[in-house]
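Shown here is one chain on its own, the form predicted alone, set out as structure tokens.
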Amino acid sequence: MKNLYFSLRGFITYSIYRFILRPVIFLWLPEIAHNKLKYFGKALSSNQLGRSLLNTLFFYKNKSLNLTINGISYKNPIGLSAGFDKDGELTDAYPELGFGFAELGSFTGKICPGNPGVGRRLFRMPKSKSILVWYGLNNQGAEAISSRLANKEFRIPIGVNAAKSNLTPEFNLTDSINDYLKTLRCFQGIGDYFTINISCPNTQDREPFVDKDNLEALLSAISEQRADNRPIYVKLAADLEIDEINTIVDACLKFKMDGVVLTNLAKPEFNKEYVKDELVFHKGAMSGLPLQRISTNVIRHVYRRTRGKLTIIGVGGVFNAEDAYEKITSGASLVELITGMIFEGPQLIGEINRGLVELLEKDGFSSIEQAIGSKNPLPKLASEIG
């Protein structure tokens, strides 16, 4: 009877979003729509009545989805990716939508207006199930945001995504490292983990920390500043060569980072998995379905290369439980999404979690932790073969 209730609820909420709400929302320019929905979400989640409504419509839980990763307890493995809540304003809404965690930001050491063209820095690609993003790390800056969140009580684990301020095309290693460190200092005691974003494709100086020497200097400085036991993850770009991926994950192991986020947005020039006539803007990078196969393949590779020693957060092209489960069974401990929620509706999070329970039962698992990497067996070491 309980399953029937959740099935019926999911069908109704999906139908309302797909056939009534989404057509109206898609009449607005994407960035304008995002801002309007953000204001609506803040208002709705600011009071108990609104939160109760969200919970009734969307929330789902099952103890088989509980897991502990790097000392942090999660009610389920489905989280919000960085890039949606750039100023950390909607944290009261995420638990009621059914998210197991949320990653806020990216936050930068200095206030960032982002790239030019405010109001027109997002482009929908509905046939490709993608959003072309040209934001450029717009946010209110680490000082202002951390001050506002300092006394906030979060009801789910919160990740703090730190990036380098996007203010100049000139790259200076020392200044860049200090920019990251400032954000980490500002957010000491706020949130549950850090993500070091070295992979934003929409910045003026591109991705200078793909370079081994630059990366090791950054990770060394971060390791030295570490003031508590909170996990630190590194977010990789989607368009890296295997050698570049190996360099980054090896550095993460060397400097005792706890894990990686795989992956950031996909640049159209390196990606063929989208409908060409939908690319109406010559800058930016794509989320959603064009990223799905790439991110899952990188998850498989990194899981095997590190033999599961690095926690993996998978992100990219998650539109249903099967998509999330594929990333988990490939080696991801946690999974993040944004685009799926935009195209499918806010009920998606609960529906994915409900679907994960069914997939676990089908494979004979009693816990989501048992499924991690289950379809990507680690290669045996020489000592194990002998």
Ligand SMILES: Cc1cc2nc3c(=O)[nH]c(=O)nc-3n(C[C@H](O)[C@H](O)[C@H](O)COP(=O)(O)O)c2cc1C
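In this text, residue numbers run from 1 along the sequence as written. Treat the numbers as computed from the prediction; the structure is a model and nothing was measured.
Unshown form predicted in complex with the named molecule; subsequent notes refer to it.
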| item | value |
| --- | --- |
| Three-residue site 61, 95 and 332 fully in contact with the named molecule in the predicted complex at 4.5 Å by heavy atom | no |
| Non-hydrogen atom contact residue 287 with the named molecule in the predicted complex at 4.5 angstroms | yes |
| Residue 235, heavy atom within 4.5 angstroms of the named molecule in the predicted complex | yes |
| Heavy atom of residue 109 within 4.5 Å of the named molecule in the predicted complex | no |
| 4.5 Å heavy atom contact, residue 88 and the named molecule in the predicted complex | no |
| Partner-facing stretch of 303-311, 211-219, 184-192, 288-296, counted where any non-hydrogen atom is within 4.5 angstroms of the named molecule in the predicted complex | 288-296 |
| Partner-contacting position among 255, 135, 154, 274 - heavy atom within 4.5 Å of the named molecule in the predicted complex | 135 |
| Contacts with the named molecule in the predicted complex - residues in 69-88 whose heavy atoms fall within 4.5 Å | 81, 82, 83, 86 |
